[in-house]
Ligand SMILES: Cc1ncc(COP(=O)(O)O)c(C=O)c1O
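In structure tokens, one chain follows: the form predicted alone.
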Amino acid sequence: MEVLKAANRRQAEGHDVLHMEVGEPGGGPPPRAVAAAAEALKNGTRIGYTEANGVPSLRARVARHYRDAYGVTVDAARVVITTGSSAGFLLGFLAAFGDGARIGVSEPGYPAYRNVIESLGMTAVGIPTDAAARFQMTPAMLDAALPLDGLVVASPANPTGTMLSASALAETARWCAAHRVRLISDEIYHGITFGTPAETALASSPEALVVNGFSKYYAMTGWRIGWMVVPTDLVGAAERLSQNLYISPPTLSQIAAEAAFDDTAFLDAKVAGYARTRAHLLEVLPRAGFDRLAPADGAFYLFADVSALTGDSAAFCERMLRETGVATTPGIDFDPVRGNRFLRFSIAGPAEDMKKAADRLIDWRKRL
């Protein structure tokens, strides 16, 4: 967000910026979602409070999604609609854990996990991963982090884009069961994969707490709508927390989200665009010196080890923005210990902008 502020200041001063810093899908939301929202407003549909856990029809549609996409049966009563996946993590952590709980998070990993956990009076236990493990946690790494009350996994992951195979995810679920650790699976980037589809944790752990939403694959970031699938013992707690923290998810967004499930042709075309951009950047970024990239199995990120170029990725990103107009994210957000050696490219912007950014970086590196 600080990089985005700097990029916006640069634009306000009349300079152009090519945005590779923010994890936001390019283009608009699904047309069917927009049409459903417009129709609801046109017809005078009441846009008032809904049930705290969401409207029943959307909850049922989410449950059907698990059957259609993964072959997993989910009771709609376990589905909780949230104000974005961000609210899902807040509700999930509060429902599942008490003060002082120790929750494992990957380093590098999405910084909001750590920040939300710490803000709730819990302890985020950083678990260092490495390129040899494809930046995913292994049972040996988890053993070294014990004791834990919970564990957050993400596949595909932010910032690396790497995935756990179905067997590795199942192994992680078995480890959690054996050590009485509650598994929280962030599946927000499901649908955006470049090869093997992502597997849900529910396939191997019916008691997992799963968080997903409509911001990434469904390209509905500003609609602030997401969901959780929670174990039966947490449904009531999630509902009471929702009632008190924000009453209910936004009604119009719930109407649009239900329609978004039926716009897969539009959404898959968007993913195909990410795939083309990914392939191009994997080919050309090494020419700019970014030749140590994490395997980008999914999501829309490329995570680069830039230790051969700099020991301070924040300063490096600042200089790159100033001299090329290309905005990227330093790795320190994702890994407070080793992040000064990494940076993240978000590749979800317009394809021409992504190509132009790569060309600028190649030219910049030649001139250094």
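None of these values were measured; they are calculated from a predicted model. One rule holds for the numbers: they count along the sequence shown, beginning at 1.
What follows is about the form predicted in complex with this ligand, which we do not show.
Contact with this ligand in the predicted complex, defined as any heavy atom within 4.5 Å, is confined among 93 to 101, 109 to 117, 160 to 168, 131 to 139 to 109 to 117.
Highlighted residues T193, R278 and D297: none comes within 4.5 Å of this ligand in the predicted complex, counting any heavy atom. Residue I188 is the only one of A208, V105, I188, V79 with a heavy atom lying within 4.5 Å of this ligand in the predicted complex. Interface residue among S85, T200, T172, S242, judged by heavy atoms within 4.5 Å of this ligand in the predicted complex: S85. This ligand is not drawn, but in the predicted complex it has no heavy atom within 4.5 Å of Y218. This ligand in the predicted complex comes within 4.5 Å of a heavy atom belonging to F89. Interface residue remark: R224 is counted as part of the site for this ligand in the predicted complex, having a heavy atom within 4.5 Å.
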